[in-house]
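Next up: just one chain, as C-alpha cells, the form predicted on its own.
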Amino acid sequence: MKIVSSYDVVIVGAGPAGATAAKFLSEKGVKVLLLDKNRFPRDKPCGGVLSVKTLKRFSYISEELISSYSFGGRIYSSSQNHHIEVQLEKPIAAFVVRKDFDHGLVQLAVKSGTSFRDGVSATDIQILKEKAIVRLDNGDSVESELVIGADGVWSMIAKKSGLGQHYPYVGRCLYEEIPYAQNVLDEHFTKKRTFQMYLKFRGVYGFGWVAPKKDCVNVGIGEIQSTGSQRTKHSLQELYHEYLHFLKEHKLIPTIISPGKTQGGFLPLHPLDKTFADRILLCGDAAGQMNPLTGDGIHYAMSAGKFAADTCAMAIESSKTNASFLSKYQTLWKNDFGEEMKLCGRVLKMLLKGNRDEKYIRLLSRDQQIVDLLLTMATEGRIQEYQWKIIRRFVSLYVRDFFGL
C-alpha cells in the first residue's frame, strides 16, 4: 500500500453534498481532497429542481448555474381526471441541468482551495486510531483525519464503515433531457415554465414528471420498490416510453422530439439510522437525505454538506474525531430537515396507497388555500408553522365532503 498524500479531510463523491462540504471546509483553511469516480462534467439522474429555500440558503449559486425558473405547476391524479394547479407571480423553483450545476459547484470548491481528482474511484477505507486511509482504484492510498462519504445511494463508505446499506425500499427512475429550441419551449410552456407531475401513472407506485428548462425538457418516471423486487430494468424502460407517448399524444410536451439519452438511477427514500462513525460522516444520497415526496435531494445534500463541513472543522480544531463528537453532525441535520423528511414520507404513503390519490387530489383541487399552505411549507421549509394548519383544514375539508356539504 502506497500512501501518496495526506489531507485533513478526504471527501468521496463530488455531487452537491461533497462539493458543498469541500467549499466550506476549504474556506476555513482545511486541507481537502475531493474525489469522484466520474470525469467531470458528468450527468446525474435527476429532475434538476432547486427549491426557493435552497437559493436563499446558498446565495452564491449564480445565474449562470440556473437554466430556468418555474412559476407554477400541476399535479395530476392517476386517472388524470383531477389535478391541483399553482400559478404565482414569483418563482417557486429553479431548474438546473445537473451536468452544468454539479460542475459549477466543484469549480467553486476548487477556487476556494480544494484539491479535486476526477476519474478516480475510492475502493476501500480503513479507520485507524491515529488516521483514516482511503484506497484508490489505481493502487494508491491517501490518508486523512476525517472522511466524508458523499458517494451516492450505494455508498462504499457507508458499507465499509458499517453504517448500513441500504433500505427496504428505494426509488428507481428513468429520465431524459430532451433538447428543444428555446422559442419552442416559450410557446409551449410559456416563460413561466410550468412543471407537471403525474401520480401513479398506469397504476405504478410512483410518479412521472415534466420539468421544462431553458432549452430542454427533463422528462422522467420513477417507481418505489422493495430492494428485493424482481421488477426488471426493461419493464421500467417500457413504462417510460409509454409515459412519453402519453405526453406527446396529449400535447403535454412538444410533439417533435429529437431523442436525448435515457438514463436511470436509484434514489434513497429513508435516511440511515446513523450517519456518523469514528472519523466518518455521510451526507447526501449516501446518508439517505432526500425528500421522498418531491424527489428533491439537492437542498438536503447541500445543507448536509455545510453541516458536515462545520462539524469536521470543529473536530479538527479540537482534535476530537471520534463518533461521539461527530454525532453533532446528525443533530444538526435532523434539527434542520429531519421532521420535514418524515412528514413528506407520510404524505407520499397517503397519496399512493390504493386509490386515495384520486380522492385527495380532488379534495385539494377544491380548496386553493390549503394548496397555498402546502406550497409555502414545501418551498420555504416552514414545517412546524404550517403542518397543523394544513392537517386541520384538510380534516375539515374531508368531513364536509363526506357529508356532501
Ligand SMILES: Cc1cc2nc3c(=O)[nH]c(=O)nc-3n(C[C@H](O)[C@H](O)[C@H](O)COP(=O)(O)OP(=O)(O)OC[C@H]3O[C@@H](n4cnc5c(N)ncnc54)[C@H](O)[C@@H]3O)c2cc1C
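One-based numbering along the sequence shown. Just so you know, these numbers come straight off a predicted model, no measurement behind them.
One more form of this protein exists, namely the form predicted together with the named molecule; it is left out here, but the text below deals with it.
S.K.: Answer for residue 81 alone: is it within 4.5 Å of the named molecule in the predicted bound form, judged on heavy atom distances?
M.R.: No.
S.K.: So in the predicted bound form, does any heavy atom of residue 33 sit within 4.5 Å of the named molecule?
M.R.: Heavy-atom contact with the named molecule at 4.5 Å: absent for residue 33.
S.K.: Is there a non-hydrogen atom of residue 112 within 4.5 angstroms of a non-hydrogen atom of the named molecule in the predicted bound form?
M.R.: Residue 112: no contact with the named molecule in the predicted bound form.
S.K.: Please determine whether residue 150 contacts the named molecule in the predicted bound form, using a 4.5 Å cut-off between heavy atoms.
M.R.: The answer is yes: residue 150 has a heavy atom within 4.5 Å of the named molecule.
S.K.: Identify, from the list 146, 142, 290, 210, the residue with a heavy atom within 4.5 Å of the named molecule in the predicted bound form.
M.R.: Residue within 4.5 Å of the partner: 290.
S.K.: Which pick from 45, 338, 345, 41 sits with a heavy atom within 4.5 Å of the named molecule in the predicted bound form?
M.R.: For this set of options, the contacting one is 45.
S.K.: Is the named molecule close enough to 121, 173 and 298 in the predicted bound form that each of the three has a heavy atom within 4.5 Å of it?
M.R.: Spot residues vs the named molecule: full contact, yes.
S.K.: Given that the partner is absent here, state which listed stretch (183-191, 310-318, 326-334, 263-271) has heavy atoms within 4.5 Å of the named molecule in the predicted bound form.
M.R.: The contacting stretch here is 263-271.
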